[in-house]
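Presented below, as structure tokens, is a lone chain in the form predicted alone.
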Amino acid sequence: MATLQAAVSCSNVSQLTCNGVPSSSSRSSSSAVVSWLSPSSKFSSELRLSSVSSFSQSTSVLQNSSVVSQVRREALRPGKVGAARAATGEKNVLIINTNSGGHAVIGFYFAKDLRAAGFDVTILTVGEESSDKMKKPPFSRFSELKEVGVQTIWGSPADVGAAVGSAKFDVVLDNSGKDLDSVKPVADWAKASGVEQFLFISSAGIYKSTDEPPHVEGDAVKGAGHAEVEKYVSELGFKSWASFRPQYMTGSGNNKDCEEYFFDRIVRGRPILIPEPGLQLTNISHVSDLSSILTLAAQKPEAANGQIFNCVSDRAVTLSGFARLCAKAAGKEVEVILYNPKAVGVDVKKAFPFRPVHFYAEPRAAKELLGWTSKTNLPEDLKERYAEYISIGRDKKDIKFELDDKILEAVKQPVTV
């Protein structure tokens, strides 16, 4: 217990957590779903501390000649994938990518990493290319994908065949659907089309609360939504399938606020308001770590087959510690004020971007089965994010803080101007 208390006081803790939180899904499902995903003996749920070593982020760069890149771009057009495979011997990957939310950036990084690893890649974004959503990152940066030979198309996951034409794929990643109704058409099409490997982006929010943290693969889950998808895909008979459960993400191109909540207040000299006690542990992973796990799964289909992977970095951070890391990245001081949401009378989901309890999973399966290691460093990643925050001029935007002011009034703290 003394070790646990000492570790919790740190701002950036390795492989330590407490209870997770239920996801927002409330749908029930059959007991078969829950029993299929019940804790296994392969990955124990023992609380442990792992290595705290961190590494500088590395960026993979595809080094093909312009001639070869042009040949591949042309060969990847629907109906010509077979020619590309014959010419290069590479596997063809189709990424079904969501057009909203924090997960969209996963497909963007995965496409880049796959190309750097020698795969042929098509990314199918949900919706239309002319949509206003495409003006935001990561979609506004799709030119970077085209430069390395990724084909970008748009369409509906409900009719993948219409979007890809006669193109054939070896691997499909569904990074769009969140329940069986939305994923089933993609999975059924993939199976009927001869796809060998099917990958699915699930969520670490699937885990039930536990008295034996951190969450590891095999822990009990809620039996609806993502769990139903995982069970269905497991029964389709793909040569290889796997599911990935991410948590909070950071990284260039992310269009869902994470550290921005903290930067918005830090640059304006306002305090950071955190639900007490502020020592809650969570995992905020750079998307490149998540993408590297996915890429290894595509490279090692036998090792990945039938597995669940917590798609997270290997270090935790306290909520108060994250506020201080954001301030350090900005080169500024910050005041952290703790409060009780119920006593103040505010909806914590509207007042704070993270769950106000311990919510942390460990990437045990990725390390043991795929040989994965993290290559990122959260303090350095936040410096990158702050530079991007300033470059887009968000520090100059007129932002209202009415809810913050209500909380400050309730805890009798003066409003900082």
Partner chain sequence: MASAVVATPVLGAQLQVKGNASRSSRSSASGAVAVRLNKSFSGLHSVDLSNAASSATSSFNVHAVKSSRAGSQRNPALAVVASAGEKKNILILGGTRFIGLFLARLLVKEGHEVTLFTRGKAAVTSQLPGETDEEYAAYSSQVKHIKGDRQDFDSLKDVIGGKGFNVVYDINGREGTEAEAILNALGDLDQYIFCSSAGVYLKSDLLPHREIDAGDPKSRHKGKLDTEALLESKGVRWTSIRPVYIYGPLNYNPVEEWFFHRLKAGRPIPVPNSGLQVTQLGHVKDLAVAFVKALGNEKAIGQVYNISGSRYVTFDGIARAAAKAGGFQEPELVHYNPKEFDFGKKKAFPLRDQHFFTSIEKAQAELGWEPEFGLVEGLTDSYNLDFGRGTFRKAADFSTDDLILEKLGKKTFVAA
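Numbering follows the first chain given and starts at 1. Note that the structure is predicted; figures quoted are calculated from it, not measured.
Keep in mind that the form predicted together with its partner chain is not shown, yet the notes after this line are about it.
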> Out of K222, R315, K91, K231, which one falls within 4.5 Å of its partner chain in the predicted bound form, going by heavy atoms?
Replying inline: R315
> Which pick from G269, G345, P277, G165 sits with a heavy atom within 4.5 Å of its partner chain in the predicted bound form?
Replying inline: P277
>> Taking its partner chain as it sits in the predicted bound form, is E384 in contact with it (heavy atom to heavy atom, 4.5 Å or less)?
In response: no
>> Can you tell me if H358 lies within 4.5 angstroms of its partner chain in the predicted bound form, counting non-hydrogen atoms only?
In response: yes
>> in the predicted bound form, does D211 come within 4.5 Å of its partner chain, counting heavy atoms only?
In response: yes
>> Is P353 near its partner chain? Define near as a heavy atom within 4.5 Å, in the predicted bound form.
In response: no
> Do heavy atoms from each of L281, R324 and R364 fall within 4.5 Å of its partner chain in the predicted bound form?
Replying inline: yes
>> Within 4.5 Å, heavy atoms only, one stretch in 180 to 188, 197 to 205, 213 to 221, 91 to 99 touches its partner chain in the predicted bound form. Which?
In response: 213 to 221
> Though the partner is not shown here, which residues of 369 to 388 have a heavy atom within 4.5 Å of its partner chain in the predicted bound form?
Replying inline: L369, L378, P379
